[in-house]
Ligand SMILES: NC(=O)c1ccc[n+]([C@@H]2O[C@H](COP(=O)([O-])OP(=O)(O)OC[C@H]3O[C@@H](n4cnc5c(N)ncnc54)[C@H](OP(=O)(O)O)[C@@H]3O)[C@@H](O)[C@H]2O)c1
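In the form predicted alone, a lone chain appears below as structure tokens.
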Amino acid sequence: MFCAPINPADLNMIEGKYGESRDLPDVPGSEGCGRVVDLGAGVDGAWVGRKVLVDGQAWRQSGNWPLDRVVAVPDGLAADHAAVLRVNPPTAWLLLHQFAALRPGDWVLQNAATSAVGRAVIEIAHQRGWKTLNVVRRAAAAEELRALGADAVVVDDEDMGAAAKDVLGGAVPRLALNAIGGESATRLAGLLASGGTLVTYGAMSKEALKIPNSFLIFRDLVFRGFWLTRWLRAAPPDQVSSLFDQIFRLAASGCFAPRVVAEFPLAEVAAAVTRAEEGGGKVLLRIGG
């Protein structure tokens, strides 16, 4: 292994607050990048020496993964960039492509816009010709998000709805992406067109969704959930391959660059986890060279 990031889902897994539990002893780490050094019987020898992304159990110096749980990384992509491409950018891509047939110029709403998924949503939408209205906790984040391609940024408070409507200028979005829950998700759903869809993929506030009856009765809003792990388990191999082809293509053009705020050796993983809990950017475990 070369390196592995510490993601919020990794912290939730360690805390026992994730969508599934795993038997102990276990190795944390939902993603990372390494190089193939040996093969099991019947595996094509061309894999030896390839740089790959691994699926799970990434916080270790070396390990064995089934062939269907590694993804070959294109030449020229740095390990620390590749290491953050297996979870957040694919999540963003699928959120934008699985739940609404977006047309050029359409608006997409999202909260948690400064998160890794939120930033990837902005970059992908910008590349695809879709507009993003991004809800943040702090107005100071607006400039940084606009530099990524965000079309509009509003603060997540009681006045968010009015501010967003001013930006939209009569446009009524059909897709909203929610990673917070609680009142934030309610405000986001309130901006959707009748029949629009709100997709929940996170719950940062740890508050339940609050859905007014009128959203269902009079506006027929659709509330969906998304979990990348479930999608990867069910998707045919050609769809998974196509997904990562798109992600690598965008990464090669400069998208999804990790905002690394701290690096730690694997021996200091406890300190790395503590730093990751503070937020503010990606913490990277630097494992090997």
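All residue numbers are counted from 1 along the displayed sequence. The structure displayed is predicted, hence computed values, not measured ones.
A second form of this protein, the form predicted together with this ligand, is not displayed here; the remarks below concern that form.
Participant: Heavy atom within 4.5 Å of this ligand in the model of the complex: which of R146, H81, R137, H97 fits that? Just give me the one.
Facilitator: Of R146, H81, R137, H97, the residue with a heavy atom within 4.5 Å of this ligand in the model of the complex is R137.
Participant: If you check W47, F223, W227, W65 against this ligand in the model of the complex, which one has a heavy atom within 4.5 Å?
Facilitator: None of the other options qualify; the answer is W227.
Participant: Although the partner isn't part of this model, could you tell me whether G196 comes within 4.5 Å of this ligand in the model of the complex, counting any heavy atom of the residue?
Facilitator: G196 lies outside the contact set for this ligand.
Participant: Does V155 reach this ligand in the model of the complex if we count a contact as any heavy atom within 4.5 Å?
Facilitator: Judged by the heavy-atom cut-off of 4.5 Å, V155 is well away from this ligand in the model of the complex.
Participant: Does this ligand get within 4.5 angstroms of any non-hydrogen atom of N88 in the model of the complex?
Facilitator: The answer is yes: N88 has a heavy atom within 4.5 Å of this ligand.
Participant: Quick one: is A203 in contact with this ligand in the model of the complex, heavy atoms, 4.5 Å cut-off?
Facilitator: So A203 counts as contacting this ligand.
Participant: For the three residues N7, A112 and S115, which mark the spot I'm curious about, does each lie within 4.5 Å of this ligand in the model of the complex through at least one heavy atom?
Facilitator: So, yes: the whole triplet contacts this ligand.
Participant: Considering this ligand in the model of the complex, find the one stretch among 116-124, 97-105, 165-173, 214-222 with heavy atoms no farther than 4.5 Å from it.
Facilitator: This holds for exactly one stretch, 116-124.
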